[in-house]
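Quick heads-up: it's one chain on its own, the form predicted alone, in structure tokens.
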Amino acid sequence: MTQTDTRVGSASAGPAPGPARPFWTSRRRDQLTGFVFIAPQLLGSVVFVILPLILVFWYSLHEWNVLAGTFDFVGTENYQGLADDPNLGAVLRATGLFSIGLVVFNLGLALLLAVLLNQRLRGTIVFRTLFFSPVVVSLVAWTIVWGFLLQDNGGINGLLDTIGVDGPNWLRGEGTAMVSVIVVQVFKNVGLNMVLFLAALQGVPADLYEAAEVDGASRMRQFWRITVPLISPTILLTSIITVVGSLQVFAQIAVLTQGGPGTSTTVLVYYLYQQAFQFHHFGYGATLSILLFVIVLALTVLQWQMRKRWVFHES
């Protein structure tokens, strides 16, 4: 009886427990390594992106007078002032005109230059360097030089005078000031988009063009049916970069026109600067920055959603 009870007791106890599983398993070490690598980027995003956005929204609910040392909560008064601002319509029109002009001329010229410089001809490296060099030049220095060239007695009018043409005052005319700023900005950054387009063009298989030539397709038809679809992801990238950059322009306006004549070149960022740092309406300036953020976000999301219709071979 005693032996039977002993067997039953040992059988019910089950097998002896194995060694405890270590906490730092291979999977957890890999996860910790990944978190360590993304921690600087995550910390930077929190400190320099998310936190400033929260603070800007908080400031937009206040009226902050630095000179008087007051910081008063006003709720949605700044947003009501945004809706009632008589200058906002002209500012948004100038911003839209500048953005549309810059995007159209920048992308169009960049793609044209990339197609031309993609040919196997002598001297293309020199021209690639020549067109890309303004990208690495200081923005302020570039703008100051163009400011001298575009003056009433500047270099451009002097060149026109040699052929008997009386040039206008480019930076002070209602119809020429915006065009001048757009041209200066296009020449400054067209080289970057040109390089991106050039890299995309060099990735298009040559046998597709050979097959198209055998089928009798013209060069223009090859461009629209082969080149554009295959480089459409790059077109999407450059369009997003150019649109966002066009909405953030400031230095060119500040150096060349100071928003004039009138408000014809007063884009949203420069108007924000005027309200916050010239008129010391920091709360209203924060409200304008919220408006700018919403516009940039909406246009970026719109472009990203529209890619499904015209972007092909997306990896």
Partner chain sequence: MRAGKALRGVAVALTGALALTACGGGGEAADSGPAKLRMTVWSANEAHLKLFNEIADEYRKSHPDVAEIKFDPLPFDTYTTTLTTQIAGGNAPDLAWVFENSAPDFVASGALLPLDDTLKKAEGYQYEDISPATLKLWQNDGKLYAYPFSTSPFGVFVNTDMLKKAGQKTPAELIAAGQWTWDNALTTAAATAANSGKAGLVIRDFDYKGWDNLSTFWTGWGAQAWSEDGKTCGFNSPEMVDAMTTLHKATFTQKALPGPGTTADFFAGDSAMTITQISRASLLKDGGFGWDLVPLPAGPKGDYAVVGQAGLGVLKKSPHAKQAADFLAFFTNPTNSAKLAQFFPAPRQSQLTAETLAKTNPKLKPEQLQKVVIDGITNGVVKPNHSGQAELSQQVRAGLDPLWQPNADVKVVLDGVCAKIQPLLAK
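Source: prediction; values computed, not measured. Positions refer to the first chain, counted from 1.
The same protein has a further form, the form predicted together with the partner chain, not shown here; the description that follows concerns it.
In the model of the complex, do H62, Q80 and V179 all reach within 4.5 Å of the partner chain through at least one heavy atom apiece? No residue of the spot touches the partner chain in the model of the complex.
Does G173 reach the partner chain in the model of the complex if we count a contact as any heavy atom within 4.5 Å? G173 belongs to the contact set for the partner chain.
Interface membership of Q151, the partner chain in the model of the complex, 4.5 Å heavy atom rule: Yes, Q151 lies within 4.5 Å of the partner chain in the model of the complex.
At the 4.5 Å heavy atom threshold, is Q275 in contact with the partner chain in the model of the complex? Flag for Q275 set to yes.
At 4.5 Å between heavy atoms, is N87 in contact with the partner chain in the model of the complex? Looking in the model of the complex, residue contacts with the partner chain include N87, since a heavy atom lies within 4.5 Å.
Though the partner is not shown here, which residues of 275-290 have a heavy atom within 4.5 Å of the partner chain in the model of the complex? Sequence-ordered list: Q275, F277, Q278, F279, H280, H281, F282.
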